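What follows is a single chain, given as structure tokens, in the form predicted on its own.
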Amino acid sequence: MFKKILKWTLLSIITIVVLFLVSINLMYKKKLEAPYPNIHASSDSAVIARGKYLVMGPAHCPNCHGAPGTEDIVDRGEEVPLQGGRVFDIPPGKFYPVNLTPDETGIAKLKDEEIARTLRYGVGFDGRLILDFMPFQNVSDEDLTAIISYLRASKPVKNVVPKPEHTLLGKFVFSFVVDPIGPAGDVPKAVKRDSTAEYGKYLALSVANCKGCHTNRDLKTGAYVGEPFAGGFEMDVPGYLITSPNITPAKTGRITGWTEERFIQRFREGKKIAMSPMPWGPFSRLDEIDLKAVYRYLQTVKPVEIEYKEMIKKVAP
């Protein structure tokens, strides 16, 4: 009798596991739908120049889409082709930033609207879900046009980039946990560029993604689990575990007491700590108007009194 119960119990467990794995693979391969923004590349030199400034500066695209081995060049604030190929090995799998140059191995075969949909809605040209590595959902139509215009005008580089390699956890997350992230409300046609806190908010949240690293989040799903800009997000870099600092205007905030001039100066100085994951190179390219705007916005966010004693922790290889 006991053997029969054990047998049926094991069969039931195996059946449940098989059905679970089958359902993951079926859901994992589902095709998603999302609108195609009415965005088209421009050949206007001013639009392309604006796109270059955004891509190489506040949007810090080279930090992910630069080729392996160009990290030091990017850290110096210099330009590199956005040919992709680096690997980000995280719990959901291995992710390879794609080739963004107008080569056939890059974006040459994609329509402008397909690129815009990926950036705004997190749905690829083939209907697959794109994790929220590029939080540009609320970038204005004008700036999104500029970004795509610059990518189209850049020099093509032939580079075949591997497809993502998802772990079982990754497949589960893609199937049942995360959904494409779209805009938070109506996307502006254009945003007035000035040194106000309002424009700084647009840069910090929609372009430079300051919130993405300076807010604690779950690395398995990408979900925010901490107070905005209060830091605490742990990032793995080779040999180290880096905790992002609190940049709210609290007494324990990293930039509390800094003047606007000191804030601007720090960005001009670029990367000082070798293992810092902050995109200091591209950010050093920001002009004074943008840096003033970001500084002024950060003075308006909710103060959070929290301090992290060990910001840089050496770990075993």
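In case it trips you up, residue 1 is the first one in the sequence shown, and so on. This is a predicted model, so every value here is computed, not measured.
The following text describes the form predicted together with a small molecule, which does not appear among the structures shown.
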item: 4.5 angstroms heavy atom contact with the small molecule in the predicted bound form for residue 39; value: no
item: Proximity of residue 235 to the small molecule in the predicted bound form, heavy atoms at 4.5 Å; value: yes
item: Contact flag, residue 134 vs the small molecule in the predicted bound form, heavy atom cut 4.5 Å; value: yes
item: The small molecule contact at residue 315 in the predicted bound form, heavy atom, 4.5 Å; value: no
item: Among 235-243, 183-191, 216-224, 70-78, the region lying within 4.5 Å of the small molecule in the predicted bound form by heavy atom distance; value: 235-243
item: One residue of 118, 140, 159, 195 in contact with the small molecule, assessed in the predicted bound form (non-hydrogen atom, 4.5 angstroms); value: 118
item: Selected contact from 230, 173, 146, 208, since only one has a non-hydrogen atom within 4.5 angstroms of the small molecule in the predicted bound form; value: 208
